[in-house]
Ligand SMILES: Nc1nc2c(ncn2[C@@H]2O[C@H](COP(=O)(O)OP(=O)(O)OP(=O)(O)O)[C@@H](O)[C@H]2O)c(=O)[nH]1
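Below sits a lone chain in structure tokens, taken as the form predicted alone.
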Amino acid sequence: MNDYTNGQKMKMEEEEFNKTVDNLDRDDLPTANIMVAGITGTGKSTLLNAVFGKELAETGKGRPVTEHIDEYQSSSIPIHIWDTVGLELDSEKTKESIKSIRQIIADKATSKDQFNCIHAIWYCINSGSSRYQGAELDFIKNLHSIGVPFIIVLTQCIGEEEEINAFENKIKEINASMGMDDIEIVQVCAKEFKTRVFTIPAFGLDTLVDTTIKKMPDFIKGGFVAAQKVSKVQKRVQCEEIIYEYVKEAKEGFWDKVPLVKLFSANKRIKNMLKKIGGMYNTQVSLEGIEKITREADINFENAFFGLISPIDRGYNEKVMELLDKKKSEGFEVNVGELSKSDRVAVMIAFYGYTFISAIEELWEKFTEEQLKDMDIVCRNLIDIINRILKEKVGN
């Protein structure tokens, strides 16, 4: 008969639990592959920089794949861009390159590795052009026939609204006549446009992101949402999915029903969840950084509301559920299912998940892309923001 001390038993249970949770968090965010096409002068680089960050498509920074395709990648965001360059559809030389571009996309579309496929095509057309025919139309028809989600982006929409809308309608009519009525068209002004008399603010980028996400396969959406920098709504949706996943695991997990390991369970799960949420906001906080945040912020795993370790009802569940309900007024769905008093780990996970989203959103909107790469700045400010939020929520 083996005689184990309580400490040894708890350590063994913790190690077994950690293996289960590690399996849950093994996969990184998938990389989304986007093809951006269009003739020279349609503002592809400006569009890419506006959606994914100003340094992504710097002139000369792309890696040539073929004579007419450059690729852009970033070590900090899960996006892979294939950009057609020097495309002039009236050129005989370019007509040959069109075959090459189509072949690359087609080869990837038939690949067994779904993560290596092109997941969406943005075809850019300058809204000031009235031309939608000939070689350009043939090119679009060829790309569309491959079956990859296809969106036409009307760029530089700074002209008369009626004229731009008329051009869009013309494109829709021609597409419908050629069996391409499933192609959506999005009007975009990728950056603020100033004149002596007035200023046109950037617009349409969030619509482009939302439209692309709807057309993408589900397995790749998380990477694209994390990479884009314009839609907070889409980031919230993905973050709530992360919270739901961890709440579900906590409610169904055997270890969460064992009092001795509830502290370990909440600790490990919450830290992994917070790391994933940070990734959705282009803020890659390491586990060491999460450790620092949970250590120095008022995320007190030892006696958080006494809710996990006390058999006595101290109103923990009711108070946290009330705070979760308030998130709905802030635009969150908060659909974590029924959480009873026995689901205390799940309740704690949901509460701290939403608290961290609030903190990371504030940081994301406040700081520059460069500042978000500095882990000292990120951790220090997240600690301050979380402590302020928790004090406001539980201090009354």
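Just so it is clear, the model here is predicted, and its values are computed rather than measured. Position 1 is the first residue in the sequence shown; the rest follow in order.
The same protein also has a form predicted in complex with the ligand, omitted here; what follows describes it.
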*Is every one of Lys229, Ala359 and Trp364 in contact with the ligand in the model of the complex, taking contact as a heavy atom within 4.5 Å?*
no
*Report the residue, out of Ile349, Val51, Ile39, Ala32, that has at least one non-hydrogen atom within 4.5 angstroms of the ligand in the model of the complex.*
Ile39
*Between the options Glu192, Glu252, Asp210, Asp138, which residue brings a heavy atom to within 4.5 Å of the ligand in the model of the complex?*
Glu192
*Lys44, heavy atom within 4.5 angstroms of the ligand in the model of the complex*: yes
*Evaluate Gln156 for contact with the ligand in the model of the complex, applying a 4.5 angstroms cut-off between non-hydrogen atoms, and reply yes or no.*
yes
*Indicate whether Asn282 is a 4.5 Å heavy atom neighbour of the ligand in the model of the complex.*
no
*According to a 4.5 angstroms non-hydrogen atom cut-off, is Ser127 in contact with the ligand in the model of the complex?*
no
*Segment that reaches the ligand in the model of the complex - one of 184-192, 74-82, 159-167, 282-290, heavy atoms within 4.5 Å*: 184-192
